[in-house]
Every structure is written in structure tokens, then in C-alpha cells.
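Next comes just one chain, in C-alpha cells: the form predicted alone.
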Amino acid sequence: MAKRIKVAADLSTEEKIKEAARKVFQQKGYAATRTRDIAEEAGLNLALLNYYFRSKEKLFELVMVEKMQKLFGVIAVILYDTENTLETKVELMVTNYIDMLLEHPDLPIFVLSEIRNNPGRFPGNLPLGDLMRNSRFATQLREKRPDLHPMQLIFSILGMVVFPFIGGPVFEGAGLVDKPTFARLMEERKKLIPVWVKAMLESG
């Protein structure tokens, strides 16, 4: 019983530290964050944080991998799906991505800024190359448009989905949209983007 309680306490403390790290890294970025900041956010002393995680680098790697998996993991299952058509996959990709970003609107800015500022810490264990080259989605696209590199379509879809969330604060600050309007526009894009992608695929 005592052992189970200790394991539960360890897991609780680790998760508390990781949650604090997520928050502080998101607010300050990697360079400006100190391990002391994370310990204070978690309500723990620095020695205890160092007991669970030996360095800021290790914590950042955990947080970054989580966020990269969240950002790119949305499309992984869809790209490897062998049942749906190319058009259906585009619809699912767009809908799932927009839903995820509406829930985590700061995610793209955090990931992109940290990749730019710390390219050496970009997680190397995400199979993005295999995902884009060898998925069923890539095969379907090559069959439909052999003249079109699969990354062109991925770039276009991600650009149309992700950019509004990167530019959203600027548009809101300029008084062009408010949060309810932005959310409504994103719901409309779930229908519009697949139409635009279909036109792109049929234009060749």
C-alpha cells in the first residue's frame, strides 16, 4: 500500500512539474525560462524539481515533443488511413486541425517561435518524412496528380488552416475581428478549405 501511494505521489509531482513547465515555457519561451521559475509555478522547491528532472533542457524537450505531436499528430492517422478517399481525408484533416487549434490557439506561435530560436532542439524523433512520403494519402495524391509534389498540398492545407491562428492576434488588435467572429470564421473554413483544395487538385 505504501509503495502504491509513493508511486501515485511521484506521478502527481512529475505531472505538476510538467504542467508548470508547459505554462512557463509558453509564457516566456525557452531562453528566458529558469528552472526556478518552473519550480515556483509548480509550488515546489528547486531541489525537488531537480530530483525529478535534471535540467531545463530535459523538461523543454518533453514539452516540445508533446506540442509537436499535438500539432502534427492530428493528421497522422488520417494520412495513413486506407479506407477514405483523398477528398474525405482533406475534409477530416481540416476539421480536426481547426478544432484542435480552436482549443489550443497559441500552439502554432509557440512551436514556430521555438523552432526558429532553438532549431537544434527540434525533436528529431517525429517521423514527419515517412509520414509525408509513404502514407496512403501521399500515394492517393500521386495517383490523382502525379505532377504535384505531395508537400505542395500539405503546405497549402496547413497554411490555410494555421495562418489565421498565427495572425489572429494582429487581426483582433486591429479591430477586424473579435473572438466570436474569429471562431465563426474558422467554422466556415471547415467547409471552404476542402472546396479550395478540390479546385486545386482538379486544375491540373
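What we label the rigid core is the largest C-alpha set whose atoms superpose within 1.5 Å from one form to the other. Treat the numbers as computed from the prediction; the structure is a model and nothing was measured. Residues carry their position along the shown sequence, with the first being 1.
From this point on, the text means the form predicted together with another copy of the chain, which you will not see here.
S.K.: To verify the annotation, which of these, R34, R54, K144, H149, has a non-hydrogen atom within 4.5 Å of another copy of the chain in the predicted bound form?
M.R.: When another copy of the chain is considered in the predicted bound form, the option within 4.5 Å is H149.
S.K.: Even though another copy of the chain is not shown here, does K18 get within 4.5 Å of it in the predicted bound form, heavy atoms only?
M.R.: Output for K18 is no: heavy atoms all beyond 4.5 Å of another copy of the chain.
S.K.: When the contact criterion is heavy atoms within 4.5 Å, does S113 count as touching another copy of the chain in the predicted bound form?
M.R.: S113 belongs to the contact set for another copy of the chain.
S.K.: Are any of the heavy atoms in N84 no more than 4.5 Å from a heavy atom of another copy of the chain in the predicted bound form?
M.R.: Judged by the heavy-atom cut-off of 4.5 Å, N84 is well away from another copy of the chain in the predicted bound form.
S.K.: Using 4.5 Å between non-hydrogen atoms, is Q27 touching another copy of the chain in the predicted bound form?
M.R.: Residue-level check for Q27: yes, a contact with another copy of the chain.
S.K.: Heavy atom within 4.5 Å of another copy of the chain in the predicted bound form: which residues of 82-112 meet that condition, in order?
M.R.: D106, I109, L112 sit within 4.5 Å of the partner.
S.K.: Rigid core superposed, CA of K67 - does it shift 2 Å or more between the shown form and the other one?
M.R.: Superposed on the core, K67 moves its C-alpha less than 2 Å between the shown form and the other one.
S.K.: Look at V177 and decide if its Cα position differs by 2 Å or more between the shown form and the other one after superposing on the rigid core.
M.R.: Shift at V177: below 2 Å after core fit.
S.K.: Following rigid core alignment, is the displacement of the P150 C-alpha between the shown form and the other one equal to or greater than 2 angstroms?
M.R.: Yes, the C-alpha moves 2 Å or more.
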